[in-house]
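First, one chain by itself in structure tokens, the form predicted on its own.
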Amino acid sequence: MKRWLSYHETYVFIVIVLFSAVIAAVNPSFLTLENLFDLLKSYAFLGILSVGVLFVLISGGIDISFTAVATVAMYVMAVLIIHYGGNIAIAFLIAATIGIALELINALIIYYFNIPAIITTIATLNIYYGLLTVFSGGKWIYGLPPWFREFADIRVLTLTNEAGVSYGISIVTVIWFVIMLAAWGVLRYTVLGRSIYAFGGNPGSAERIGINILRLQLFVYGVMGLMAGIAGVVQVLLVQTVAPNSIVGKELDVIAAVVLGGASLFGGTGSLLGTLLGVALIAVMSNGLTLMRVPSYWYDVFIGLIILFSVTISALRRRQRIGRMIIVEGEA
């Protein structure tokens, strides 16, 4: 028991259970399989982006531009498949290529000009979003190909409720969980994954033991770009339209989910399980506030409080860890 209580994820899980119990007491329809599947589908976009942000935060960096990257990727993808046709694999390939290219620009600027990541990515967010607005004229895109719309309706498991309405696990949810599984394997079982933790925990030591910092940053921001591209396509699958301003501003939700899951803004810590729980808590909170008919503007207040609380806990745990290291070194 003591071991479980030492994990940050345990406390997030307890909060989710308590929050769910309160919401279910107010509105019993919250704890239904149908609502759960809908939540998993609706939050696949946020969940996929959170995987990329987790890689960046573990490495000690930060990225604010990923929503602009995802917006550019999905807009260009939509324009190309409408004019030239294709299939769902080509749609993902186009968006992923654009996402990776734009995030690699972030990585190169941060490395070669030694500009803080937050400054770099705030600047590129405005550049990417501004250029998209200029060239697109802010026009929304409708009329996506039939094969694109049909892919969004695929379910890997279909059930029927008492009213005869079918529901189930969407292909979009499956894409999210496959990505989570692959990312977990990279972080846990590869030298590259351990190098990301090492660099985030202590960049100086990581460089001294021979870790190639440029390659590492290119990989981390490349993963962020890949996730932004995939998330962009998923967003279009969910809403079936493309709007240049539809997802810019969602950065706070994604970063809140990852930090809430235990990733530190100081780098070196974070897990896929924690990130999944962080996304789950954001989803439960948002869905719960809706079901309890709480005005929507309270949502931003809760998100802000969650970030503040999580960062405070993270800072206190970091201070305790450093304190224990000093005591051990002093005894030695």
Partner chain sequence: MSARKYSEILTLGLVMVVVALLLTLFIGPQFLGVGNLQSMAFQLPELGILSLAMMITMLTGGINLSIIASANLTGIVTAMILIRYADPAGTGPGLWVIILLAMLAGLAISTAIGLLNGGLIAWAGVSPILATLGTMILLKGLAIVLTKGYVLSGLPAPVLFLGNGVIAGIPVPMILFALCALVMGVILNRTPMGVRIYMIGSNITACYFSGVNNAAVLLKTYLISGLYSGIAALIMIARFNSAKADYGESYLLLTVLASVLGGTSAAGGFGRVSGLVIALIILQLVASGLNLLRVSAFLTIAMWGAILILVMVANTLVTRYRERRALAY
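Residue numbers count along the first chain shown, from 1. Only a predicted model underlies this, so the values are computations on that prediction, with no experimental measurement involved.
Note that the form predicted in complex with its partner chain isn't included here; everything after this is about it.
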Contact test in the predicted complex: residue 124 vs its partner chain, heavy atoms, 4.5 Å: yes
4.5 Å heavy atom contact, residue 172 to its partner chain in the predicted complex: no
Its partner chain contact at residue 152 in the predicted complex, heavy atom, 4.5 Å: no
Distance check, residue 10 to its partner chain in the predicted complex, heavy atom within 4.5 Å: no
Selected contact from 118, 239, 213, 192, since only one has a non-hydrogen atom within 4.5 angstroms of its partner chain in the predicted complex: 118
The single option of 76, 82, 198, 109 touching its partner chain in the predicted complex, heavy atom within 4.5 Å: 109
All of 36, 141 and 246 within 4.5 Å of its partner chain in the predicted complex, heavy atom check: no
Which of 164 to 172, 86 to 94, 250 to 258, 224 to 232 lines the interface with its partner chain in the predicted complex (heavy atom within 4.5 Å): 250 to 258
Residues in 291 to 305 with any heavy atom within 4.5 Å of its partner chain in the predicted complex: 297, 298, 300, 301, 303, 304, 305
